[in-house]
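The data below hold one chain only, encoded as structure tokens and taken in the form predicted alone.
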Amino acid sequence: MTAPPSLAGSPDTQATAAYRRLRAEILDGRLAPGQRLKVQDLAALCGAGPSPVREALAQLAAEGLARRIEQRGFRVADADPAGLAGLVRSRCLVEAAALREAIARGDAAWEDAVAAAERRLARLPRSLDPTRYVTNPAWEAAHRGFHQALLAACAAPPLLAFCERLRDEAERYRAQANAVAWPGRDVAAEHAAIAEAALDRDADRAAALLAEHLNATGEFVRRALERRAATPAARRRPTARLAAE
């Protein structure tokens, strides 16, 4: 990826911009789990000085996306299948709670937004190549928008922020898994069923369907990660993002 022009402004501005750039690189898998984060290399990537980059790395470490190695700098946090299980469980718990709150509080505008987001997502292909999975950025954006719309009426900003943080962590796991076939799974139908239950104000059914949806993807990602770990690095295909939850 081509580095952006040098970032003008104060060191604080540079640190913020470096944090956002490095966070995106980690979540998209371009900075791989366990990879050493060399300050000079990252400074060149971000167009910032070493001090703002170190500040950005400290913030990423506080979020759990990087880890500080005593006297040896930083590395990208690991993404192992064991950690994925806890992440999926956490998402099921907190997103179900937020969805129940949204269903209880949502008004007509919320209903319209959920229905529109589901229709927009359903119209887009998940892959840019019909023969294999190739990330479709428009689908990814619409996918995130659908799940955000579902929870948007939840009047608890800290809970919504936590949901977003867990979703970002899930994206990082997916970025490490090669695309796999999902026999018998219709992701669009899963989204439609969740939306229908939410709009019917059936909180129990909506929460159950959402949990099934998240768990199904978690299982596929877990299998893909385990296969990836068992495959010699020289034989691995380039990483491709899994396009579902």
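Start at 1 and count along the sequence shown; that's the residue number. Bear in mind the structure is a predicted one, so any value in this text is a computation, not a measurement.
Below: the form predicted in complex with the DNA, not depicted.
Problem - Exercise: residue 83 in contact with the DNA in the predicted complex, heavy atom 4.5 Å - result: Residue 83: no, not in contact with the DNA in the predicted complex.
Exercise for the section: May I ask you to check whether residue 173 falls inside a 4.5 Å heavy atom distance of the DNA in the predicted complex? Expected result: Residue-level check for residue 173: no, no contact with the DNA.
Exercise for the section: Examine residue 69 and determine whether its closest non-hydrogen atom to the DNA in the predicted complex is within 4.5 angstroms. Expected result: Residue 69 belongs to the contact set for the DNA.
Handout entry: Interface membership of residue 48, the DNA in the predicted complex, 4.5 Å heavy atom rule
Key = Yes - in the predicted complex, heavy atoms of residue 48 and the DNA come within 4.5 Å of each other.
Exercise for the section: Please pick, from 201, 30, 36, 185, the one residue with any non-hydrogen atom lying within 4.5 angstroms of the DNA in the predicted complex. Expected result: Flagged contact: 36.
Problem - Segment that reaches the DNA in the predicted complex - one of 149-157, 73-81, 86-94, 108-116, heavy atoms within 4.5 Å - result: The contacting stretch is 73-81.
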